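Only one chain is included here, represented as structure tokens and corresponding to the form predicted alone.
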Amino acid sequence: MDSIKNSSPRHILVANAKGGCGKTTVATNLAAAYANVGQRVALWDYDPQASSQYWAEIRQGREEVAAPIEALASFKGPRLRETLSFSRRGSEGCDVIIIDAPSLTTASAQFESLVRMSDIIVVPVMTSSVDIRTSKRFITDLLTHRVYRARPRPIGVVGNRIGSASANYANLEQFLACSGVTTISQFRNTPVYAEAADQGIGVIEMFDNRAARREYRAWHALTSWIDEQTPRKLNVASARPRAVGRKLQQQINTQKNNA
């Protein structure tokens, strides 16, 4: 189905002060999900580790990928003095901009600039006690931050690498309910994410992979929630992955058999 175009791009900030919580996993898979329904997507990597940039470079080198994503190594550009006007210049022609943030405290100047340019904030959280404690503090600091309070925008939490029922995660959900923050999706602890990252693709593009298909509902829930936060909906959640997913999986299987 054809998607509806927004008059201006949406800036989706993927952020958490805790390192290793899955920000890049969420950012790259979101970018792939929107690109596969015909949206023009930019992926801005502000993390000096450049994991999103590396993923994008692998993707650009694949002949079978029919859903291009514009990647920008934003960590190389001006950070502390970055302005909203600068971000808009880099988003010309795009429908969706995914911002992969580094692990920053809410007191940093760079974090403030990223919040200013964002329209929606997605916070990935893992279930260890350390991750839960750090994430709760991050969300509290974000909700009370002067930049956020000057222009509140939707915040959604996604559980990453969720295995069996976790008392820690239940504790987080109780905290979020009291804070008015929505828990959107939970992504399973499955090797399919590492496999997708190694191929420069998103799980939504692994059409013939059973483990990947089990994740579709969670990603559709996340994109649907994001779309509901904007005046003009893109209806990404109701769209099926393009046939390119099948071609990609066939190529992956061929590479494995020839290895």
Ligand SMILES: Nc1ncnc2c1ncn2[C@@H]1O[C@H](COP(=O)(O)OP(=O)(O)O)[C@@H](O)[C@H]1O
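All values derive from a computational prediction rather than experimental measurement. The numbering used is simple: start at 1 and walk along the sequence shown.
Quick note: we don't show the form predicted in complex with the named molecule, though the next part is all about it.
Asks: If you check R133, H145, R161, R116 against the named molecule in the predicted complex, which one has a heavy atom within 4.5 Å?
Replies: Exactly one residue meets the criterion: R161.
Asks: Exactly one residue in S129, T182, T105, N189 has a non-hydrogen atom within 4.5 Å of the named molecule in the predicted complex; which is it?
Replies: In short, N189.
Asks: Which of 220-228, 193-201, 31-39, 55-63 has heavy atoms within 4.5 Å of the named molecule in the predicted complex?
Replies: Contact-bearing stretch, as computed: 193-201.
Asks: So in the predicted complex, does G22 come within 4.5 Å of the named molecule, heavy atom to heavy atom?
Replies: Judged by the heavy-atom cut-off of 4.5 Å, G22 is in contact with the named molecule in the predicted complex.
Asks: Is the gap between K18 and the named molecule in the predicted complex 4.5 Å or less for some heavy atom pair?
Replies: Yes.
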